[in-house]
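The chain below stands alone, shown as C-alpha cells; this is the form predicted on its own.
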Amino acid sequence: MSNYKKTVGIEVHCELKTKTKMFSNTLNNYGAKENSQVNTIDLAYPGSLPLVNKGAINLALKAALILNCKINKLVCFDRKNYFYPDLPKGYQITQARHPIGVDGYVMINVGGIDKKVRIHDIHIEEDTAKSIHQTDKSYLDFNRSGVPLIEIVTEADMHTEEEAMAYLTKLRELFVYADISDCKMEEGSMRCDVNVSISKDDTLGVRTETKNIGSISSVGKAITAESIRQEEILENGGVIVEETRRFDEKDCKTILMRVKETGNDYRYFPEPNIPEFEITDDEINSVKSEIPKLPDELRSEYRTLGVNENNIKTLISNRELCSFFEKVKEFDPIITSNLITGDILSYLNKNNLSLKDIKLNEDNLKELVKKIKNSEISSKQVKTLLPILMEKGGNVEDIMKEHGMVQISDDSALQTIVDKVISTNPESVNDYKNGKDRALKYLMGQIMKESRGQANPVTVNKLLIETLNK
C-alpha cells in the first residue's frame, strides 16, 4: 500500500446544446461534413466581429445555478493569447476576470459517504477547431471552431479515483437532465483534464495536468497511472516537474506533452470587440424556473414510490427511459418501472432501438399496466403482447382479443378447469396435502396450460386452494 496521498482537481469542458455557435450565427451541428459549418467569424477573417449568443449565456447561467455557484451578473470576455493551428484568430475568447459562476459545489457519494466537491469557477469560452492527425499529415475541421463551451474547475478536493469518477458521473447527470449539454465524451462534447499531485502529508505536492481524457473510467486509470509515475520518481530521489501530459489508453500510462505554461504566458486582456453587459435578476429567475427535476430529486421520489434501487439506477442512467417513466408512472410506479427496465429495455437493446423508434406509447402502456394490476393478463401473456405493442402499436384490449388473451374470470367456467386438473393429477394433490408447496405451483401451471393462459390467476388460485382443502 502506498504511503502517498493523492490530491486531484478536475477541469471539465462541456459543449453547450445551442443551435448556433458562441460568437457567430453558424449552426452548431456535430457530424456535418468537414468544414461545412463555418463562416468568416469562425475562420477569423479580417474585419469580422463576434456577436454573443444569448442562448449560450442562459445555458451557462443554468449550469452555474445547478452547481450552487454565486452568479457574476457582470458578463465580460477576455482574450487568451496563444498560437496553435486549430485557433485561427491566434487567441481564444474566454472569461478570465469574471467567470459567470464562482464558489459552487457538487455533492457526491462514494461507498455510502457523502462528500462535497467545491467548484472554484465556471466560465464561458469558445471551442477550437478539431485536429485530425495522421502519420505524415494533420488536418483541421473548423466546424467545431467557435462552438460554445463552459469550463468547470474544481478545487483540489478529491483524493481517490472513485471520488473523481463519481464527480464526473454526477456532473454529466446534472448537465444531461438540465439540457445543458449532451456530454457525449465519445464525440468530444465533454472533455476532462485531470490535475494530480501526491504527498506523504497534508501539504500539496507539485501537480501535473493530464489533458483530454476520453472517458470517465479512463479518468480513474489516468489518476492511478500518474500517481504511480510520480511516486516512482520521488522514491528514486527525483523531483516532480509541473507539466502537461496525455493519457495513453493502450499502455495505460501518461506521456509528456509540454512543460506547464503559466497564466502569464497567455497574456490575458479584455476582449475589445464585446462590450460588457449585466444579467438581471429577472433573467436569473427565468433561467431558474426552467430547471427541471434533477437526478437526486428523482431518486428520492422513486424510493418513496417503492421503486427498487436497481430500477432507479437503470432509469436515472437513461434519460429517455426516465422521461417516459415520468409520463406513465402514476397508475402503478412499481409495475411500470419493472416493465420499462425489464422487457421494454431488453427489446430496445436487442434490436438497437430507442423509444422513439417503437410504436409503444404512453396510452397503451398505461392500459397494459392497468390490466396487469387488475390481474386481467398473466405475466406470460405480457411477454407475448409487449413485442406486438412495440412493433405495431394499437389498443391493448383489441390485441388481447385478436390473440386469444382475454381472461376467463367466470367462477363456474374456471371451477370446471380446476376440477379437471385435480382429477388428472392425483400425485400432486397428495403432495400438496402432505405440505409440499411446490405442488400448488405445479397445479396452477397445469390450469393455466389447460386454459391456454386465459384463466384469471387470482380467481384460479382461490378456487384451487378451496377445492384442495375440501
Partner chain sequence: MSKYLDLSIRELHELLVSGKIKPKDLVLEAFDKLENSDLNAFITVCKDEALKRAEELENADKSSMLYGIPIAIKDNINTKGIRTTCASHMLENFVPFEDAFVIDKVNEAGMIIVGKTNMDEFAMGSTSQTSYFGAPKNPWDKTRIAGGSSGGSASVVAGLLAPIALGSDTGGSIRQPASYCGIVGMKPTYGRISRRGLIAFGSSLDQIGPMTKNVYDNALVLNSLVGYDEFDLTSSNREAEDFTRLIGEDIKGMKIAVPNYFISDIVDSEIKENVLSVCELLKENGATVDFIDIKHLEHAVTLYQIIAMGEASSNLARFDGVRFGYSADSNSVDELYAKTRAEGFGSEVKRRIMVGSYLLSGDNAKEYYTKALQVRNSMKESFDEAFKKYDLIIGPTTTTVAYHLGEGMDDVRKTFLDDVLVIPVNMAGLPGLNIPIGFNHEHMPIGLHIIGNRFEEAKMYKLGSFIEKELNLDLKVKEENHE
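Numbering follows the first chain given and starts at 1. No experiment lies behind these values; they were computed from the predicted model shown.
Unshown form predicted together with the partner chain; subsequent notes refer to it.
- Picking from 157-165, 362-370, 227-235, 79-87 the stretch near the partner chain in the predicted bound form, with a 4.5 Å limit on heavy atoms, gives 79-87.
- This chain is drawn without the partner chain; in the predicted bound form, the residue among Gly435, Pro46, Gly31, Pro426 with a heavy atom within 4.5 Å of it is Pro46.
- Checked against the partner chain in the predicted bound form, the candidates Asn68, Thr40, Thr416, Asn430 yield a single residue with a heavy atom inside 4.5 Å, and that residue is Thr40.
- When contacts are judged by a 4.5 Å heavy atom cut-off, Ser375 does not count as touching the partner chain in the predicted bound form.
- For Pro272, a non-hydrogen atom is located within 4.5 Å of the partner chain in the predicted bound form, even though that partner is not displayed.
- A residue is said to contact a partner when one of its heavy atoms sits within 4.5 Å of a partner heavy atom; Lys73 fails this definition for the partner chain in the predicted bound form, lying far away.
- Looking at Asp296, you'd find every heavy atom of it more than 4.5 angstroms from the partner chain in the predicted bound form.
- The putative spot formed by Asn25, Tyr91 and Leu140 is fully lined by the partner chain in the predicted bound form; each residue has a non-hydrogen atom within 4.5 angstroms of it.
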